[in-house]
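Before any questions on binding or motion, here is one chain by itself as structure tokens, the form predicted alone.
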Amino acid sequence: MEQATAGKALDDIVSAERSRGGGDHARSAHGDAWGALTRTHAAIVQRLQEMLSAADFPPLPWYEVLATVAEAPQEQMRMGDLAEALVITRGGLTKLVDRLVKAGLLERTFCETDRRVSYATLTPGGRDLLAEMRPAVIAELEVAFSANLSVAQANELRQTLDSVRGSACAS
């Protein structure tokens, strides 16, 4: 729902730019690209959510947390680093991690030298669930992308989006 609202808001911005008498073509092109990106993201997220639900898996945010923590050294991440990696507020992450801890998929561990530093650490149950979910998610993404992008195009898209994200995070 939130993603659909963001896409609609962006459509409104792009329409407003165009209605101001044509405006700057580059600005409209960038607005159009942004709108296409958000609508594509929302469509793929919805597709993934539906697939996970049909397979009786937890929701996509759980997968994203488990996969991110699994890729970290020793399968643990500082909470702040995890929030940054997932582009989520610390408060939102805390609530999400609480649910994963309650489900036995993560545990909170603390730094031995500074108890103020906490980590999200993957449990064996989290590792097992991720191993079940990952092939389904990868297969769904392959279907969503491979029909329209070659491997070279997918790599180019990733590089372009990494560049845009890098400049957005730097400002």
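Remember, it's a predicted structure, so these values are computed and weren't measured experimentally. When you see a residue number, it is the position in the sequence shown, counting from 1.
Note that the form predicted together with the DNA isn't included here; everything after this is about it.
**Student:** Which among 117-125, 32-40, 66-74, 142-150 is in contact with the DNA in the model of the complex, heavy atoms within 4.5 angstroms?
**Tutor:** Heavy-atom contact with the partner occurs in 117-125.
**Student:** Even though the DNA is not shown here, does R108 get within 4.5 Å of it in the model of the complex, heavy atoms only?
**Tutor:** R108: contacts the DNA in the model of the complex.
**Student:** Answer for I88 alone: is it within 4.5 Å of the DNA in the model of the complex, judged on heavy atom distances?
**Tutor:** Close contact exists here: in the model of the complex, I88 approaches the DNA to within 4.5 Å, heavy atoms only.
**Student:** Do any residues of 37-65 have a non-hydrogen atom within 4.5 angstroms of the DNA in the model of the complex? If so, which ones, in sequence order?
**Tutor:** The stretch 37-65, when checked against the DNA in the model of the complex, contributes only P61 at the 4.5 Å heavy-atom cut-off.
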